[in-house]
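Next up: a single chain in structure tokens, the form predicted alone.
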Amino acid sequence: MMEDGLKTQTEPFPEDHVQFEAVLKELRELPEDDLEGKLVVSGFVDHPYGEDDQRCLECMYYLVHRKWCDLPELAVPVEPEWWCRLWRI
């Protein structure tokens, strides 16, 4: 899906806990098996993003050995060079 040019919501990046929770709420409202919806709402891109070239690899939710996002609302396979707007360090 990512290689096929899936358009995702990279902005706005949640600047505080309230905005972060709003994105999580939107994810919780999706069917559990809606992978495309999760990728779109969370704003995944298949490359580093932002001024600091942030990547999933440095995110606190990334499980290195599984290549997996451990954020319960996502729980999707991800590559280390990807990024999403729920990125946290």
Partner chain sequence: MANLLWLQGGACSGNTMSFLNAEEPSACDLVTDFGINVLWHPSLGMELGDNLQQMLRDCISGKIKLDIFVFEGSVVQAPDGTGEWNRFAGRAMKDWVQELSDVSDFVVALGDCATWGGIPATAPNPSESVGLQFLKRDHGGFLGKGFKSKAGLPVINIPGCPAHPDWVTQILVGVATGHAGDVALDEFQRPKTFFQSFTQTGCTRNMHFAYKVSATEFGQRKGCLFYDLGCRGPMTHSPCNRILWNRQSSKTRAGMPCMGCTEPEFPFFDLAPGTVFKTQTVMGVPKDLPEGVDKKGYIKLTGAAKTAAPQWAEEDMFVV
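Positions refer to the first chain, counted from 1. Just so we're clear, the structure is a prediction, and the values are computed from it rather than from any experiment.
Keep in mind that the form predicted in complex with its partner chain is not shown, yet the notes after this line are about it.
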task = Consider E58 of the chain shown here, and say whether it contacts its partner chain in the predicted complex, taking contact as heavy atoms within 4.5 Å.
result = yes
ask   = Looking in the predicted complex, any heavy atom of R66 within 4.5 Å of its partner chain?
value = yes
request  = Report yes if any heavy atom of D34 sits within 4.5 Å of a heavy atom of its partner chain in the predicted complex; otherwise report no.
outcome  = no
ask   = F44 near its partner chain in the predicted complex, any heavy atom under 4.5 Å?
value = no
Those residues of 35 to 57 which, in the predicted complex, come within 4.5 Å of its partner chain by heavy atom = D52, Q54, L57
